[in-house]
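One chain comes next, on its own, written out as structure tokens in the form predicted alone.
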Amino acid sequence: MKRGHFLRHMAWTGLGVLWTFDAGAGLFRPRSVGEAAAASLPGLNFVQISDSHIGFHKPANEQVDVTFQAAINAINALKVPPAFVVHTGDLTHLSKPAEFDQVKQLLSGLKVPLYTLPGEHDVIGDRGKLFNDLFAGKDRREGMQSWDHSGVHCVSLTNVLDFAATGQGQIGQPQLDLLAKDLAPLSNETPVVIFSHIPLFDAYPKWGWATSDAKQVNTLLSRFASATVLSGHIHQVLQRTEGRIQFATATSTAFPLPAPGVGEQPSPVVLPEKERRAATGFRSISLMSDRQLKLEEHPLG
């Protein structure tokens, strides 16, 4: 992959992507540098962080713990603290106990509540038993958990347990049944946010960047006026809208992956440190004293 092609593709960079709920539009929106500074007070802000791959030691990033710590420091330093942080999977690289211990210690530095869900790298060899022992909330059932905040309903789904066998994401009927039951009491006007590791749209099925039973989730979401699906896995931001459902994937704190179809396989992209740092910065959104939103880009380099 040509460096210029990659950097142009990385239209958004960030260790974490901060989303704000726009009450007027009824949608979650990522804020970009080019947007006007003036904005109404958000009803909810939160941070999505993904793919820290603690335990990875290769040229694409030999110090993933350092970049992950930088992300945590940046989140803690936000002028408007997020309501919570969601890590959308691949906390570790090889599911080793030492990796889980290290990432748990790093995450303990967050000053706000944390929700986690596993990536395929977190369930190697034991179908997520160690991950669940360390990170699963007491309310997680069949890999799913849900919570409410500021009038927004949030759900995290696990779609990685059979990735090694199938080469794609799969949620499974037990979770789908729970999701249907969980969403049933909600008004059509309730904003809903779904978190998954592997995207719930066909980002690039050839590389496993898709979920086989995603359509069943999206059918359940289709009645809502505001439905947003946030995922990780592909180490870059892609957006898609299907009907009233908005999808977006997040960057990694560890290393970038190529754009869909660029190259034979999704191998970590090796960049000179300056360029890698430029591609793995973070985005902050601050609520100013005049009730306006200040948005800044913070590349690591």
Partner chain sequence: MVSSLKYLSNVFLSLGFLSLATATIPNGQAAQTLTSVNIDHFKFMPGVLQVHTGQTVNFFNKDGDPHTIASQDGSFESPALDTGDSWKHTFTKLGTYTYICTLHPFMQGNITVTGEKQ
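Residue numbers count along the first chain shown, from 1. Only a predicted model underlies this, so the values are computations on that prediction, with no experimental measurement involved.
Not pictured, yet referred to below: the form predicted in complex with its partner chain.
Taking Val152, Pro185 and Thr219 as a possible spot, do all three reach its partner chain in the predicted bound form with a heavy atom inside 4.5 Å? The answer is no; none of Val152, Pro185 and Thr219 reaches its partner chain.
Contact residue in the predicted bound form, chosen from Val112, Leu94, Ala180, Ala225 - any heavy atom within 4.5 Å of its partner chain: Looking at the other structure, the residue within range turns out to be Leu94.
Sole residue of Val80, Leu106, Ile124, Leu130 within 4.5 Å of its partner chain in the predicted bound form, by heavy atom: Looking at the other structure, the residue within range turns out to be Ile124.
Distance check, Trp207 to its partner chain in the predicted bound form, heavy atom within 4.5 Å: Taking the distances in the predicted bound form, the answer for Trp207 is yes, it comes within 4.5 Å of its partner chain.
In the predicted bound form, does Pro268 have a heavy atom within 4.5 Å of its partner chain? Pro268 belongs to the contact set for its partner chain.
So in the predicted bound form, does any heavy atom of Lys58 sit within 4.5 Å of its partner chain? The answer is yes: Lys58 has a heavy atom within 4.5 Å of its partner chain.
Spell out, yes or no, whether the shortest heavy atom distance between Pro174 and its partner chain in the predicted bound form is within 4.5 Å. Heavy-atom contact with its partner chain at 4.5 Å: absent for Pro174.
If contact means any heavy atom within 4.5 Å, which of 140-148, 114-122, 69-77, 188-196 contacts its partner chain in the predicted bound form? After filtering at 4.5 Å, what remains is 114-122.
Direction of Cα pair change Ile171-Ala164 in the predicted bound form, magnitude 3 angstroms or more: The answer is closer, because the C-alphas of Ile171 and Ala164 approach each other in the predicted bound form by 3 Å or more.
Check Ala164 against Gln170 at the C-alpha atoms and report closer or farther in the predicted bound form, compared with the shown form; the change is 3 Å or more. It is closer: in the predicted bound form, the C-alpha atoms of Ala164 and Gln170 lie at least 3 Å nearer than they do here.
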